[in-house]
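Before any questions on binding or motion, here is one chain by itself as structure tokens, the form predicted on its own.
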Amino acid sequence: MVTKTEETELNQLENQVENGGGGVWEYLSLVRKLKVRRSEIVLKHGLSILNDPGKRSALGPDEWTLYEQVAIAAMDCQSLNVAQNCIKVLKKKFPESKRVGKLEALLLEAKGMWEEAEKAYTSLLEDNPLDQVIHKRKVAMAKAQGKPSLAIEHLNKYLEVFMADHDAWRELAEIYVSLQMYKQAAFCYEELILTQPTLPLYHLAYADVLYTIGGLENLIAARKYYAATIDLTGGKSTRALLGICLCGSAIAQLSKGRNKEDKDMAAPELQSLAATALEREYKQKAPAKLNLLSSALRSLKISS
């Protein structure tokens, strides 16, 4: 994750480079170090070095790193001829390199040659089954082709080996949600909460999934996770506050005709507190929409 200080440094250097103030190599090196994508600028200024024999030779061994960086930037910008030329140079220099092999597979992917790219990635995985980047490329390729079921298959195989990859669990959860496979998505968020219990994002997402599944038990659990989100954010999650109100209203509906103990599960006091906090926040940040919020809360039969 890029810090504010690093982002400021990068932006200053980028502005300097774009205005002809020098520091091109320093800028390109910082982009690589921070692992950010500034592809158009990298392509423009990277090529200016590669196309100048004097500047290129002055880089020494870093010349090959720049060829790789420019190749990836060129693919991002759909300058596939440039990417192909860079890869050709690297292939000539490093004919047996698996790293160059990845670039070749990426180029096939960028050209939309899905079957050829799949074969290339499969071949690379035979040599190194634990290459996380290639596994993730296969997932990305499945998504790009509009094959979410295949992406799920790849992610599940990947997570059998790399169980601690939080980003992969979150990606899998989001695909499940897009397919309305909410119980499977809930399992993914449970895994994320177990490993990173202090991140409010996962509590909120899990609460949303439980609320969507519905049923009294799930609604009560969803309310608990919305409450946890509010606690972890210091009361600053608007979505979680609204979730408390929605859960309370739904629980009240499901509890109609039941005994007093069941009706008390709606926790009207908690709803009221959440509604008050919501109206206070809207009054401060979006006063023009306060009446709309108040009307929505009244429709849920909630009073602040």
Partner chain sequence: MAEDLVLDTAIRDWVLIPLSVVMVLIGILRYFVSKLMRSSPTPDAKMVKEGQVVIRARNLKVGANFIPPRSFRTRRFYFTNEENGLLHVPKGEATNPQAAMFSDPNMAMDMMKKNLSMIIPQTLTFAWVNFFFSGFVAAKIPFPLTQRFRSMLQNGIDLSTVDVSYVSSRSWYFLNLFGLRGLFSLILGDENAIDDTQRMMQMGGFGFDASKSLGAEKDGLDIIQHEWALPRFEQRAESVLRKLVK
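Everything quoted here is computed from the prediction, not taken from an experiment. Positions refer to the first chain, counted from 1.
Below, we turn to the form predicted in complex with its partner chain, even though it does not appear here.
Of these, 27 to 35, 40 to 48, 58 to 66, 275 to 283, which stretch puts a heavy atom within 4.5 angstroms of its partner chain in the predicted bound form?
Going by heavy atoms within 4.5 Å, the stretch is 275 to 283.
Considering Glu153, Glu116, Glu190, Asp76, which brings a non-hydrogen atom within 4.5 Å of its partner chain in the predicted bound form?
That would be Glu190.
With its partner chain left out of view, which of Ala221, Met181, Val82, Ala140 would have a heavy atom within 4.5 Å of it in the predicted bound form?
Selected option: Ala221.
Verify the flagged residues Ala227, Ile230 and Glu269 against its partner chain in the predicted bound form: is each one within 4.5 Å by a non-hydrogen atom?
Yes, because Ala227, Ile230 and Glu269 each have a heavy atom that approaches its partner chain to within 4.5 Å in the predicted bound form.
Would Leu241 sit within 4.5 Å of its partner chain in the predicted bound form, counting heavy atoms only?
So Leu241 counts as contacting its partner chain.
Classify Asp167 as contacting or not contacting its partner chain in the predicted bound form by the rule of any non-hydrogen atom within 4.5 angstroms, answering yes or no.
Asp167: no contact with its partner chain in the predicted bound form.
Glu217 near its partner chain in the predicted bound form, any heavy atom under 4.5 Å?
Glu217: contacts its partner chain in the predicted bound form.
Examine Tyr206 and determine whether its closest non-hydrogen atom to its partner chain in the predicted bound form is within 4.5 angstroms.
Because a heavy atom of Tyr206 falls inside 4.5 Å of its partner chain in the predicted bound form, the answer is yes.
For a quick check, can you give me the residues of 144 to 166 that have a heavy atom within 4.5 Å of its partner chain in the predicted bound form?
The stretch 144 to 166, when checked against its partner chain in the predicted bound form, contributes Glu160, Val161, Phe162, Met163, Ala164, Asp165 at the 4.5 Å heavy-atom cut-off.
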